[in-house]
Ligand SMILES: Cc1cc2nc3c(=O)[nH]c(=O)nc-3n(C[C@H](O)[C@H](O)[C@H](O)COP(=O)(O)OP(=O)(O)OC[C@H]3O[C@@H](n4cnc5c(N)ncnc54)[C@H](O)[C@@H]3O)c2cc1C
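Consider the single chain below, provided in structure tokens and representing the form predicted on its own.
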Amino acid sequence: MSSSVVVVGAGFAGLTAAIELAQRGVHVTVVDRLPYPGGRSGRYDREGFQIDTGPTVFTMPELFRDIFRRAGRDPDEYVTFRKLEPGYHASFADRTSVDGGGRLATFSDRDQMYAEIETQVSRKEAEGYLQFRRYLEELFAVEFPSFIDAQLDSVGALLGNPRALVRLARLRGFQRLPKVVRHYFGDERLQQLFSFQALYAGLSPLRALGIFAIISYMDVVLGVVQPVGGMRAAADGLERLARDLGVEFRYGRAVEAFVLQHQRITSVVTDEGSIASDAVVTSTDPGDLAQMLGRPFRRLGGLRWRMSPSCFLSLRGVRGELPASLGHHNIFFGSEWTQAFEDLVDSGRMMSEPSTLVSVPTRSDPELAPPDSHIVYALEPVPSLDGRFDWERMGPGFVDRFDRRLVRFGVTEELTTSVRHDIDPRGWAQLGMDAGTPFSLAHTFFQSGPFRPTMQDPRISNLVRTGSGTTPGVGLPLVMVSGRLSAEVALGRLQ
């Protein structure tokens, strides 16, 4: 009789883990309280608008495609990706205008990016870009296989590859990211453009280490893609592969408890009955999992975990035409770069001059909306529920200010808003995200690698963690790496 594993959570990590286990002959049951796959990559469909509510930037599609290849399937039969060139349209503000510092577009193509910087900034800065690109390629070649796509479940494992650690140090991986980026760029706009990606890891770009420049490599060198049919199409493709491999799905079921015998889980209790299991892989956020297990949510030594900032997300289905200047992904940088992150990360307050991501997925995929309509996805970093902001009392005023900024960005009052759905940290918390942040634990040095909650639970021998709250970390594509690595851990627990 084959072993049986319950995977809790049908997000990208859980789906990847389920696929990896199923192709090894394990009987897998995936349980999720939502009615569809995707996890943090949620969906909100109204009046013909198919709106994704989670991550909107997809990088490193080859990692995704490799999941299908390992299962002996052709990824093109499941999902189609469209390359976005430009990847981003960036506007830089001064104190009087949203684009007072000019505009820049990003291209994964080296020659196009060189020409953009040479035209908009200078040839010297364009030459700096070529050097920075080569640096990022070398950094990725060291960091990804040795410290991301690897099991780092202890400090000993981290130190087990001293040659790679030395190379990482020589590549300034342990210097502050701003210092690394300034080595190649003198222009402040370019410094912002090639460091803001640290926010994806829940870090201030001003405090992050150089190792997080690897996110810039994924973003700007490898480039950004769009799954045709929206981000949900990628989750649906993984689910279809999992079903083809025999994985069973039970949606709309909340996990309430685990039945333990001799420090092993024997069954998973849901609100609609129990499921027997030889092991469990869960993507439940670490705080929620600790509460379920009756444990304090603390680090070694009783220290509190530091959570990432959260975000306010406003989703719109609008009828009418948007300005031609709004591309698929648009970043509007605020004028007070340093002060904004001191407010958000150090003080837990709202950013004084926030930067905003505005995505218009219908620029590349018009079938996501009715004719002559667009989807607008607008996101601003805000404090998590651990911060100093009273959403009940101050939330309405924040939303009014946010709406006024969107008008400046081109989402004008002349457009007819047919659908609107806002999510603040309270909404993320209701979806089971610790401290109301979809970015989980901040990737500070002592909350990364072996210092992060390990995949293997320290007390329950057949409980394995996956996803944002464990290694290698938060966001696409890292959670898919986590899913594969967690499947390997689970297989080891079944032997």
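For clarity, every value in this text was computed on a predicted model and none was experimentally measured. For every residue, the number given is its place in the sequence shown, counted from 1.
One more form of this protein, predicted together with this ligand, exists but is not displayed; see below.
Proximity to this ligand in the predicted bound form, defined as a heavy atom within 4.5 Å, holds among S384, S355, S283, T106 only for S283. Among V399, A290, L206, A254, the residue placing a heavy atom within 4.5 Å of this ligand in the predicted bound form is A254.
Comment: 29-37 is the region of 61-69, 43-51, 29-37, 449-457 lying near this ligand in the predicted bound form, near meaning a non-hydrogen atom within 4.5 Å. Of the heavy atoms in P55, some are within 4.5 Å of this ligand in the predicted bound form. Among residues of the shown chain, A22 is not one whose heavy atoms approach this ligand to within 4.5 Å in the predicted bound form. Using a 4.5 angstroms threshold between heavy atoms, L379 counts as touching this ligand in the predicted bound form.
Put simply, V8 is close to this ligand in the predicted bound form: some heavy atom of it is within 4.5 Å.
Using a 4.5 Å cut-off on any heavy atom, the residues of 461-495 that reach this ligand in the predicted bound form are, in sequence order, G467, S468, V474, G475, L476, P477, V479.
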